[in-house]
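Just the one chain here, laid out as structure tokens, in the form predicted on its own.
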Amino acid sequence: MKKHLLGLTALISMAAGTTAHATDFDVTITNLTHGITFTPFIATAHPAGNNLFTTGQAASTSLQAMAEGGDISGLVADMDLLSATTVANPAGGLLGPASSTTFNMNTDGTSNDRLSIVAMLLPTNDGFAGLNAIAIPTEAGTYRYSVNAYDAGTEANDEIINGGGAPGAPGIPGNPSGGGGTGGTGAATTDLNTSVHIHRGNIGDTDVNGGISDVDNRVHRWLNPVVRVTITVN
């Protein structure tokens, strides 16, 4: 009987260990691209089993608002309903090429053991960088994650910079890094994949006064990954 109880105690300890997570850690987000600017990020520690997005499925209304116009308020509200630990807009605005932002997160007393981070890529129609519900490390150390760009699948990638950014409004809100053009006729008129998927990248052109795109492919193309997330657990 005593042996059985000892074994049961060991199993309980092991189970507890699998759910442990660091409760105080620093996060650094680094823009790895040549000419892409990120809208304000949302970084949120939340319970397992919840996601800001799921590849192969349609984007939520909140994700669409972020991916098309950089509006993270809906995602923040969604995470608040889960009692998540959220840092909104850690860079205090846009995050330009080769720039980084660092901030602290503390989840003490919560079950928020997964970390998600997203932000829109400019200039794109509905492209976003997404770190999707990774397990927060349990041991002291430095952990680095490469983050890809995704297409929300909610808007055709016409690559026309016209100030559009409201959900369902075609076009790109802006081009903070510069180098683009005007007068594009539209790189694409439909998006065949309407689920969240890996972004195929900007097509662009080199015609600053016309062509199919207002995006310059010498400036605004990218190869994944587009962001590096570094977690430091002390």
Partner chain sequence: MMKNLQTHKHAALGILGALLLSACSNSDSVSPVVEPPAPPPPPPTTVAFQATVSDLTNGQPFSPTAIIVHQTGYSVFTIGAPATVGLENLAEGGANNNLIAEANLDANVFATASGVGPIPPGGNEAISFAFFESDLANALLSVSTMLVNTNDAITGVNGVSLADMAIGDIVTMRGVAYDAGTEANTELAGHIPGPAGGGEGFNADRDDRMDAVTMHPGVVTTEDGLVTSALNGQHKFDNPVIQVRIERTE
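Computed from a predicted model, the values in this text were never measured in an experiment. Positions refer to the first chain, counted from 1.
The next section is about a form of this same protein that is not shown, the form predicted together with its partner chain.
Pick from T194, T54, N50, T30: which residue has any heavy atom within 4.5 angstroms of its partner chain in the predicted complex? Looking at the other structure, the residue within range turns out to be T30.
With a cut-off of 4.5 Å between heavy atoms, is S177 one of the residues that contacts its partner chain in the predicted complex? Contact check for S177: yes, within 4.5 Å of its partner chain in the predicted complex.
Flag N217 as yes or no: does it have a non-hydrogen atom within 4.5 angstroms of any non-hydrogen atom of its partner chain in the predicted complex? Output for N217 is yes: heavy atoms within 4.5 Å of its partner chain.
With the partner left out of view, is T23 within 4.5 angstroms of its partner chain in the predicted complex by any non-hydrogen atom? No, T23 stays farther than 4.5 Å from its partner chain in the predicted complex.
Touches its partner chain in the predicted complex: P97 (any heavy atom, 4.5 Å): Yes, contact at 4.5 Å.
Mind telling me which stretch in 73 to 81, 152 to 160, 124 to 132, 97 to 105 gets its heavy atoms within 4.5 Å of its partner chain in the predicted complex? Going through the listed ranges, the match is 97 to 105.
For its partner chain, considered in the predicted complex: do all three of G93, S111 and R114 come within 4.5 Å of it, counting heavy atoms only? Checking in the predicted complex: none of G93, S111 and R114 is within 4.5 Å of its partner chain.
Just give me the residues of 193 to 228, first to last, that have a heavy atom within 4.5 Å of its partner chain in the predicted complex. Going through 193 to 228 in order - heavy atoms within 4.5 Å of its partner chain in the predicted complex - the hits are T206, N217, R218, V219, R221, W222, L223, N224, P225, R228.
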